[in-house]
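Before any questions on how it binds or moves, here is one chain, the form predicted alone, in structure tokens.
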């Protein structure tokens, strides 16, 4: 009798264990969890407030999308050049980091529908010659041979250094200087370590606003024309379609515009 009871108890424990394991899935990306890879160094899209909370356009969109899908939201803050790799390693199931759609990145991830138009611009000291130039060709000539800073892994890096996958020829003679964040690049500019910074227009305007006595931005000349989109793991069509549907809902009910206007107005 004791043996029978012991056997029954063992079977019950095994059944409970199997059930719990099945509910938990693979431990990283359960079907009810939106795990977001981002880099909180890119205001106004993602940054941290004084309490260390991740905020910004992308972060609020992530929260709203998770609510619509009925998913738990988990934010993973990392260096920008690690965001794509996090998807490839299945450490996250979506990347929301002001990511530009590119053919090169499409080799590693799939993009959802674009949600924001972006442009690369030049930031310099207020006295810099580049701040007075109003056409693309002359601006490129001014950048040739100069020390140019950018955030590592961004479009700006590929634009300065040249990249066949992005179809950028590079800037002749430019000395490229990579930084972990746009803010670090701006600090180097202010300290005289570099001549210019190339970065996306919207964060550029915010960085300049905070340091307007020293630096300026040339908004008359766009070096690139890009579109941001959220990215998912390669061939994860199901999640991509769900995110696209959620974004559509947020645009139709006005929440998308409300979030963008909260952090940025053109």
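None of these values were measured; they are calculated from a predicted model. Positions refer to the first chain, counted from 1.
Heads up, the form predicted together with a small molecule isn't pictured, but that's what we're talking about next.
Please pick out the stretch from 169-177, 86-94, 152-160, 134-142 that is in contact with the small molecule in the predicted bound form, where contact means heavy atoms within 4.5 Å. Selected stretch: 152-160.
So which of 99, 189, 109, 121 reaches within 4.5 angstroms of the small molecule in the predicted bound form, heavy atom to heavy atom? The option sitting close enough to the partner is 99.
For the three residues 115, 230 and 255, which mark the spot I'm curious about, does each lie within 4.5 Å of the small molecule in the predicted bound form through at least one heavy atom? The answer is no: none of the three residues contacts the partner (heavy atom, 4.5 Å cut-off).
Does any part of residue 80 reach within 4.5 Å of the small molecule in the predicted bound form? Heavy atoms only, please. Heavy-atom contact with the small molecule at 4.5 Å: present for residue 80.
Classify residue 105 as contacting or not contacting the small molecule in the predicted bound form by the rule of any non-hydrogen atom within 4.5 angstroms, answering yes or no. Judged by the heavy-atom cut-off of 4.5 Å, residue 105 is in contact with the small molecule in the predicted bound form.
Would residue 42 sit within 4.5 Å of the small molecule in the predicted bound form, counting heavy atoms only? Within the cut-off, so yes.
Just checking whether residue 236 would be counted as a contact of the small molecule in the predicted bound form - the rule being heavy atoms within 4.5 angstroms. Flag for residue 236 set to no.
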